[in-house]
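Listed next as structure tokens is one chain, alone, in the form predicted alone.
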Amino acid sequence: MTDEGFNRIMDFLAPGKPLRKGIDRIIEANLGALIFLASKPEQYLENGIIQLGFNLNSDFLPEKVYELAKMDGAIVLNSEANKILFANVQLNPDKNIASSQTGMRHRTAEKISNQTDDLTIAVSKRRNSVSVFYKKKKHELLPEGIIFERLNQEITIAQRYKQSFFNQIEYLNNEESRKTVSLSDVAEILSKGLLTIKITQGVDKYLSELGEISGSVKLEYEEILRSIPKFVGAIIMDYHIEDLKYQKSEDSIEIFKDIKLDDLVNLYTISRMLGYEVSSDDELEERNIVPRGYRILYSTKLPPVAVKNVVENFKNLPNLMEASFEDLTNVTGIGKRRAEIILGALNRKKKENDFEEKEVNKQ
């Protein structure tokens, strides 16, 4: 469940929020409950989906919903979950609606949600679990401790891949200076970067459930998704077999959006998504490829249009490394100031290359 409506719902189901407090009290007391957040309560009364027990129209309090759960029947709230409308209610969904659930409470919750597109919550006394039904989808509401545990595990794994990715960037820099970048090198580094992004994006569901109490973990999540896609996208732009037309580097990650997590460890899959048809490790290792220069140009913070113009003019990084001030100012959109910025970046790379060559010679 990732739509905007569900994110709003998860916000008031997050730990510490009133509705979640009420649900937690029901679980702690080893009770069951069926809670229906009705968007059109009067209409549901008229068509018989709701058959009244008690008409309350009372402000919501966790203590109240806990006490009402001791009775048979469902509890009906308004769609904002700040009013308890009815209690001890009989819910009557359309009998023709199918259900994949077992147990009367869960079957009713699923059918009612499917029929109305409203939220229903089934608290299981037997399984001590909470099932959330919304727009023909089901979500298990996990205890706060388990959510935090899973969130921290996933972020820790993402951080490991992130560190490995940056280590690989150092290696890529060295190989670029020697003009010996292989397809295998590029596929390996993209594997680490794309896995970092995919794993991090996967914790979004946990952050939605935790809401405001996600704390520093959310900051780590945001930092990874703010920085890593730009690096990964620049490498894709540099080494794709075609000169891609994306303006922002991170937009190029779109070509991998349908690749499953497990397939991102497959270097052949990544190579093929870059446009290279390879079928052996030897081909991966022996296929030398040349960067276009996007990565170094994006690092200058120049506008994407200016970056594109430079790449189209010089074609690849080796040519760009030989560019003079005059060569750069002849490019559309590159004035004196921008030419100086690009030359500064190129000179830093040359110094790094010279340092690496000296280190190699020492050995």
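Sequential numbering from 1, following the sequence displayed. Since the structure is predicted, the reported quantities are computational estimates derived from the model, not experimental observations.
A second form of this protein, the form predicted together with a small molecule, is not displayed here; the remarks below concern that form.
In the predicted complex, the small molecule stays beyond 4.5 Å of every heavy atom belonging to residue 252. Taking non-hydrogen atoms only, residue 100 never approaches the small molecule to within 4.5 angstroms in the predicted complex.
In the predicted complex, at least one heavy atom of residue 125 sits within 4.5 Å of the small molecule.
For the chain shown alone, residue 200 is not a contact residue for the small molecule in the predicted complex, no non-hydrogen atom being within 4.5 angstroms.
This chain is drawn without the small molecule; in the predicted complex, the residue among 287, 105, 138, 205 with a heavy atom within 4.5 Å of it is 105.
None of 144, 72, 281, 222 but one reaches within 4.5 angstroms of the small molecule in the predicted complex through a heavy atom, and that residue is 72.
The stretch in contact with the small molecule in the predicted complex, judged by heavy atoms within 4.5 Å, is 85-93, chosen from 225-233, 85-93, 174-182, 271-279.
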